[in-house]
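Presented below, as structure tokens, is a lone chain in the form predicted on its own.
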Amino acid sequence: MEVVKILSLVVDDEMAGRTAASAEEIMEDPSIDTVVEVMGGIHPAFEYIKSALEHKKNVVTANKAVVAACYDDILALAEQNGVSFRCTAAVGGSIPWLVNIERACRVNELTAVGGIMNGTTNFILHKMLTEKAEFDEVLKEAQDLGYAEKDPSADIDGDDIRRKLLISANTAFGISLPEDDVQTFGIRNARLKDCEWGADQGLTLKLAGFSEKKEDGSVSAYVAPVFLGKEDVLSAIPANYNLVRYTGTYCGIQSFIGEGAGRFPTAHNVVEDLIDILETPETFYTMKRTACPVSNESVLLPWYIRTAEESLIPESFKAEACRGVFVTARVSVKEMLDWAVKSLEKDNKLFIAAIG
């Protein structure tokens, strides 16, 4: 492999003699057979990826936003032009996650995928509990360490996990989920008292994504805070680490843990993808992408609710007061997350979490 040309807003000495004046200069160079996109965002990243594929160049990306938003378009273009598209670094940073989903699907039918998919939020929740610190204080530390962006919304509101969960579920189940249908509630309103409430019950607060393929062919997919007991290995994942897992018909549950972000961990999987293309050209992890709606109605869980507006809680939740908060009966994920997102308009400090 040889790096021929680089298009970058920042130019350093290592790029001397290899900088490109425009993306077109790269796309129209017949000596370049593969393009790596690591700029982030949807536009103009998609336009660059589209152009590269149309010029019959392989593409490797670490950009989960563009893959989640343009999944069908990108895969169709790769297939039509007989080239490879890989995005292992987009989900799990250094973890060889998508490639192992690909491998497992050769023998198994995968029925569930998910886990802790964002190191920033895991760092925040872990630090809040272990150091008895408040959310804003730990968020600032995460930003100082480079774990969180200046605008941390994608992390703390769960959008980052939603995109990773969607790509994982699409790959594992051979489907194409609409991104907006993956219900999401983040930890922007999480406070130390929420973490401590869970600890008093023997539970640890995490933000995770969950997706499951049902027997009737429907798929549930959602991102939410959840209180987990010690019997669930997710509860023990520290600092900025991720743990992702799938369930297969023959392999059972398999889990993968590692750094979910960072300069070199992410670059590691970009290079791994390039080596895969050298060895096995014209590949994605799956070429199956059957349209599939999200169905979260059948996932029933008890929920923790902290709100200053008790009157907002529907009677159907059968919520009972518990040490200054409310614990519901089993309520579907769809009903709870629909209600929670809408209720934020009247109580912008509202916080919810699934229990167990």
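Residues carry their position along the shown sequence, with the first being 1. Since the model is a prediction, treat every value here as computed from it, not as a measurement.
From this point on, the text means the form predicted in complex with another copy of the chain, which you will not see here.
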### Query
Among the candidate residues A112, L203, V219, L243, which is the single one with a non-hydrogen atom no more than 4.5 Å from another copy of the chain in the predicted bound form?
L243
### Query
If you check P96, G174, P281, P178 against another copy of the chain in the predicted bound form, which one has a heavy atom within 4.5 Å?
P96
### Query
Is it the case that K127, C322 and R323 all touch another copy of the chain in the predicted bound form, with a non-hydrogen atom of each within 4.5 angstroms?
no
### Query
Going by a heavy atom distance of 4.5 Å, is A104 a contact of another copy of the chain in the predicted bound form?
yes
### Task
With heavy atoms only and a cut-off of 4.5 Å, decide whether S255 touches another copy of the chain in the predicted bound form.
yes
### Query
Does N108 make contact with another copy of the chain in the predicted bound form, using a 4.5 Å heavy atom cut-off?
yes
### Message
Under a 4.5 Å heavy atom criterion, is N100 part of the interface with another copy of the chain in the predicted bound form?
### Response
yes
### Query
Thinking of another copy of the chain in the predicted bound form, which stretch from 243-251, 69-77, 142-150, 184-192 has heavy atoms inside 4.5 Å of it?
243-251
